[in-house]
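Only one chain comes next, encoded as structure tokens, the form predicted on its own.
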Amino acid sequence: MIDIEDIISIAKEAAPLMSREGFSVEEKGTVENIVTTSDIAVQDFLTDRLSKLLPGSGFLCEEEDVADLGHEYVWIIDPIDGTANYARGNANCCISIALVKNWRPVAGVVYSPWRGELYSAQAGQGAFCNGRPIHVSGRPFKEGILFTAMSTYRKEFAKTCSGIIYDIYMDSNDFRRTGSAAVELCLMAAGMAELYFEMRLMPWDYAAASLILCEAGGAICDFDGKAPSLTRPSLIIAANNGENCRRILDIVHCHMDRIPY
């Protein structure tokens, strides 16, 4: 098994490629969905170094349609989650690296260099931030903080999202939006929020952070109440415990009888 410290070292080595200046920005179909030259540089660095760390492994990456899935071990990578934040100098962005074995997550690293936070987990070994153990909070639903968004890349789902968010909001404390799913799920793992809903995320958005959250005692599921897919888009529900996760799922099912994509 790969030593997670090796993955952490590679993530740290990649971080200087997230330069605060000197990068260019292009749209990926819509004005909301962008890629920077830094995204490509980080991804190229990670795929090169991780393939050497684990020869014969495959990759699923956000940029450039990298999908080499027919392997026992596959790396799922978002070179910069929160690219819109990154492009504006907003610290809520991160490098996300997950390793799955036969499509079960075995290791996850989420490094947010501008926040000074490195989250990590291995299956069955707990979750950590900067080397210190972390755990979800014990707050009940009514005291929960919700991380959420309005389906930025598919705005036709925004009205449905708003109804779901309203119902959760009315029974909880408040909501937040950072612009990085990986950062938000890791903050939940560290006890800084309790509830999570996103209409549509890609595996690289949550693969590493979902393992970190679960190893910290939290729960995560898709529309069907199952583990989210690691190969296709999913509706993502998460919470600091299974009971709160199911309550969000019930609210979602009140607004939707199927996934609209």
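Keep in mind that what you see is a predicted model, and the values were worked out from it rather than measured. Sequential numbering from 1, following the sequence displayed.
Same protein, other form: the form predicted in complex with a small molecule, not shown, and the subject of what follows.
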item	value
The small molecule in the model of the complex: contacting segment from 135 to 143, 174 to 182, 121 to 129, 105 to 113, heavy atom within 4.5 Å	174 to 182
Contact assignment for the small molecule in the model of the complex, among Cys61, Val42, Leu201, Ile220, heavy atom within 4.5 Å	Leu201
Any non-hydrogen atom of Tyr153 within 4.5 angstroms of the small molecule in the model of the complex	yes
Distance check, Ile164 to the small molecule in the model of the complex, heavy atom within 4.5 Å	no
Heavy atom of Ala190 within 4.5 Å of the small molecule in the model of the complex	no
Close approach of Val100 to the small molecule in the model of the complex, 4.5 Å, heavy atom	no
